[in-house]
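Next up: a single chain in structure tokens, the form predicted alone.
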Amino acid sequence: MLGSLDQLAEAVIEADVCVVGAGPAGITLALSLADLGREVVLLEGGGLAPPGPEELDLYAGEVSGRKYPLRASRLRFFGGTTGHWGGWSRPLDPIDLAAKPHIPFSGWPLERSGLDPWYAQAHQWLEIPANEYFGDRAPPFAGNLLPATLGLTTRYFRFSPPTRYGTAYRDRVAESLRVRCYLGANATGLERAGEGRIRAVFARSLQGKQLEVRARNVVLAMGGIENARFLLNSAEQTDTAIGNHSDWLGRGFMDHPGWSPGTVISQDKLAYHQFTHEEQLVMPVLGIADDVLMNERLVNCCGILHPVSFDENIEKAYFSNPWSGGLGAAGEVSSYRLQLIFEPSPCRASRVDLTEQRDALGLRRANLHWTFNDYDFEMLERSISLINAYLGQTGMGRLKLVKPVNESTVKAPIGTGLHHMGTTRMSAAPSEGVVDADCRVHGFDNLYIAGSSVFPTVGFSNPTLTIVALACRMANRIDQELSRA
């Protein structure tokens, strides 16, 4: 069922599970639970169409630290940010979930192998037919890739069409007998039932219609900023905000920054860009081998090579000279702009907190302070040096450094992936995060958080595939809990 909160006659309804937020996490979770026989209420603050000014105003807030498109990076309507997602997909690497001695607060309380069956389901939800990422097997197009040696390797992205959840799963939600989805239903608060349990979710439309959802389990799936903002607002009802037992709530905000250090001259027709292989889109990227990441004390990163016009000040014939390494002896050389996507490390100072200003629902607005640990840029500089050394030592190319990592460039505006991650981080110990390995808020029996806000570390992969995999896993966990109750 799919309808408007303003048209609902009841003021109080009940369900097995109340899911707040109808993006990829919320819709996947709601439909998966329905398939398992559970009654679900799905609350979505927006409508079916892109939001108007009044709805968008609910996302307004303040930004401190680095500049960030706080409002434009989010979509408040059915389907969530899949409405502007580019479809980039790949699982996190096993090393992304591992604790690293040189990265404070790193590591997930589960191993990558525990996500593998859920990644298989996530590929189906995101309409990605090919879920093979080549691993150690050389692909048929290996001749257009650089050799894996001296610490460099190749990783791969796959691509969703992209799946727009707002259209792809609208009919399934509307026709479901077990999902009741209410649009214009903005969550405004939680009611506790003693210690460690949530009794109800309160919601309200912008026209003033109020709703109380009494559910055996509650899942917040509102995104990396709103999950934290909503829980931080709960401090007005209790001494400490729900989920802030460790002072990690809202902290550790991460996004994937981009850095273009310069131009690579290498062999012609390198394939480090998006293309079609066996009727499916694929994109190889330069990567750094796991043992090098650990031994050299680096964060994960990947490199894309965008073909660009050859530098007119350099003669291609130069690269046929033996003194240059003979790069051009076997054929043409080409020029590429190197774009790096690097992993930020968890930073407590990078956070979502609240301003004194309130929105139309009475909730305090968000302040996003986006920043990095200084050693992130030190690791980035070492990664660039490693790529440069690889090109020189293998004779595979040259890097013309245009944007070095220094005090000036580090302070300049930096690109973003619009990936909101880390503000309700997962941890084994309650003192080190907000949710446990099942994405359940520490100290609560029936309150869960879905989405990339639970990522304690993030690798360089786009988060959507992992968001959906975790939602599939959560549906299974909640179903098991309900069966035992």
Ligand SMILES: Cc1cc2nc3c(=O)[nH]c(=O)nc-3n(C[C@H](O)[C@H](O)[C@H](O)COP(=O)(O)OP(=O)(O)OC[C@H]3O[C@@H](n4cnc5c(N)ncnc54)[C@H](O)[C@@H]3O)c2cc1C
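This one's a predicted model, so the numbers in the text were calculated from it and none came from an experiment. Note that residue numbering begins at 1 and tracks the sequence as displayed.
Note that the form predicted in complex with this ligand isn't included here; everything after this is about it.
Exercise. Considering L43, V441, L31, V458, which brings a non-hydrogen atom within 4.5 Å of this ligand in the predicted complex?
Worked result: Filtering the options by heavy-atom distance leaves L43.
Problem set entry | Partner-contacting position among G61, G417, G65, P430 - heavy atom within 4.5 Å of this ligand in the predicted complex | Selected residue: G417.
Exercise. Is L470 a contact residue for this ligand in the predicted complex, using a 4.5 Å heavy atom cut-off?
Worked result: No, L470 stays farther than 4.5 Å from this ligand in the predicted complex.
Exercise. Does any heavy atom of W85 come within 4.5 Å of a heavy atom of this ligand in the predicted complex?
Worked result: Looking in the predicted complex, residue contacts with this ligand include W85, since a heavy atom lies within 4.5 Å.
Problem set entry | Partner proximity in the predicted complex: F77 to this ligand, non-hydrogen atom cutoff 4.5 Å | Result yes; F77 sits at the interface with this ligand in the predicted complex.
Exercise. Would C18 count as touching this ligand in the predicted complex under a 4.5 Å heavy atom rule?
Worked result: Contact with this ligand, no.
For this session: Check, residue by residue, if P24, S73 and M222 all come within 4.5 Å of this ligand in the predicted complex, counting heavy atoms only.
Result: Per the other structure, all of P24, S73 and M222 touch this ligand.
Problem set entry | Which of 340-348, 184-192, 272-280, 207-215 lines the interface with this ligand in the predicted complex (heavy atom within 4.5 Å) | Contact-bearing stretch, as computed: 184-192.
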